[in-house]
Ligand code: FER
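Just the one chain here, laid out as structure tokens, in the form predicted on its own.
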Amino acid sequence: MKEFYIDSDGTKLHAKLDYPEGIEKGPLCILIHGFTGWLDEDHIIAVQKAMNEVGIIVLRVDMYGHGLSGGEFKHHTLYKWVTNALSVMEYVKGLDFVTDIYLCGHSQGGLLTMLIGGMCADDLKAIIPLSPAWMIPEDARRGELLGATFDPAHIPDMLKGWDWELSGDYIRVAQTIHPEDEIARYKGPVLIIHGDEDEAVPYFYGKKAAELYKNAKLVTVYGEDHCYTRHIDKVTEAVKEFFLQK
């Protein structure tokens, strides 16, 4: 494992590069955490190890305001995350040992995966949104974010949740984003994994995304929550099977 930082317009993004045993050149998957998450969460590491087991190099990255990356959580926005992801894509495209690029993200990272999938469709072999929170923009336009409510026409300077605080800019940015546009632009293979008892991102959104993509497979993990605390083995099995079929 190599640990380092990637520059993203002056923001240092904390990253870890994990190689499969005996492999130094091959396909690479960028793996991104979710809202309030970081690159060393249990479910992120489990997915990373599963990918390594089937010969995929994995680059885990902390986004703006998360983990050990620069920026404050309360000032992060989806625009900043998109800029971060594009910087990571540029970095990976410059690596001479990478043969193909995959993108995988959990929750808000799953939403980001869907957005970058459309933006960088020609560069990506496949994408893997895990419990993708692509309802965030829709909720922001409606006046709701992860249980916090507000007037969508008069956005507050700060918004407080169960254990987080965000600038109103997060909402302003989210209201402008339409994931359906990027879903329509991506024609490559898509693997969506979603627990049917997800308490944060309703399973409906995983199912709906699978219906909208041109070439998607939905793996439903029955009895599973948002961060896969009950049946992580089902998640890793689905990930490995997806890569082994490539």
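Heads up: residue numbers just count along the shown sequence, starting at 1. Because the structure is a prediction, the values reported are computed rather than measured.
The same protein also exists as the form predicted in complex with the ligand; that form is not shown, yet it is the one meant from here on.
Looking at 216-224, 23-31, 52-60, 197-205, the stretch with residues near the ligand in the model of the complex, meaning non-hydrogen atoms within 4.5 angstroms, turns out to be 197-205.
In the model of the complex, residue 119 stays away from the ligand, with no heavy atom inside 4.5 Å. The ligand is not drawn, but in the model of the complex it has no heavy atom within 4.5 Å of residue 104. In the model of the complex, the ligand lies farther than 4.5 Å from every heavy atom of residue 128.
Using a 4.5 angstroms threshold between heavy atoms, residue 136 counts as touching the ligand in the model of the complex. Checking 89, 124, 146, 155 against the ligand in the model of the complex, a heavy atom within 4.5 Å turns up for just one residue: 146.
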